[in-house]
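Just one chain is shown here, as structure tokens, and it is the form predicted alone.
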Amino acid sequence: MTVLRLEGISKHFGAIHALDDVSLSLKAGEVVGLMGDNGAGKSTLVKIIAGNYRPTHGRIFVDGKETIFHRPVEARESGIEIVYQDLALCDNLTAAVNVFLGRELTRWLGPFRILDYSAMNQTAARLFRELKSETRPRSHVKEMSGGQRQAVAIARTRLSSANIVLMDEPTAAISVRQVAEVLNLVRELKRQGVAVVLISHRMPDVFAVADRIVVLRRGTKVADREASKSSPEEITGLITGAIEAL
């Protein structure tokens, strides 16, 4: 089932055309690698899907219904979550509190309403188990590895039962072992039927988990390939323009 369809998406910032006539579809449980050089339009496209930008032209369909997002919260309400490269985590707080950041659980204590840390810890622990992550709810983020931090950010998307998760460079600047942890998180999302758009410059990581690879160059989609029928050499050529798109 197609959970997201973009038709002819363009985004202009004055005279700058960040995107021109980009179309894309995404099925439930599918991982699409979104690749391209710096300035290719990857982040702009993801921000349009996430409701941060409105397209200058084009149409967005979620679960077959045409949708216009005016704010990110509207995209979230439609089942779309984004994990930014900086993760937007608070180092001084626990994993569980970070999962619930902005959506904290509370309970009444007499006339006062207080944070329900026990309920948040229990729910976060369940989400980490579902993601097959060893992250502990009571651990502070500042003590965590890059892979564990990604688990916290991804668990936050599962809190709202997102159907589509957008990931911006999740394996950048982390160790080989932590990269493996993050790729396993992506595989687990796929197993649960979540559609994933993965922005990455790391070719081996994309080929390890992606079903399809979409290449942008100078704001235009130049290729949409099944990963199993392509190669890192072909994708590199498409990104640089050494290979012309068919």
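One rule holds for the numbers: they count along the sequence shown, beginning at 1. Given the structure is predicted, the values throughout are model-derived calculations rather than measurements.
The discussion below concerns the form predicted together with a small molecule, not included here.
Using a 4.5 angstroms limit between non-hydrogen atoms, Gly33 is distant from the small molecule in the model of the complex. Under a 4.5 angstroms non-hydrogen atom cutoff, the small molecule in the model of the complex lacks Ile9 among its neighbouring residues. By the criterion of a heavy atom within 4.5 Å, Phe69 is excluded from the residues contacting the small molecule in the model of the complex. Looking at Glu104, you'd find every heavy atom of it more than 4.5 angstroms from the small molecule in the model of the complex. Of the residues given (Glu74, Glu169, Glu130, Asp116), Glu169 alone sits with a heavy atom within 4.5 Å of the small molecule in the model of the complex. Screening Arg212, Lys42, Lys190, Lys221 for any heavy atom within 4.5 Å of the small molecule in the model of the complex leaves a single hit, Lys42. Against the small molecule in the model of the complex, the set Asn38, Tyr53 and His201 is in full contact: each member has a heavy atom within 4.5 Å.
With the small molecule left out of view, the stretch that reaches within 4.5 Å of it through heavy atoms in the model of the complex is, among 177 to 185, 204 to 212, 56 to 64, 42 to 50, 42 to 50.
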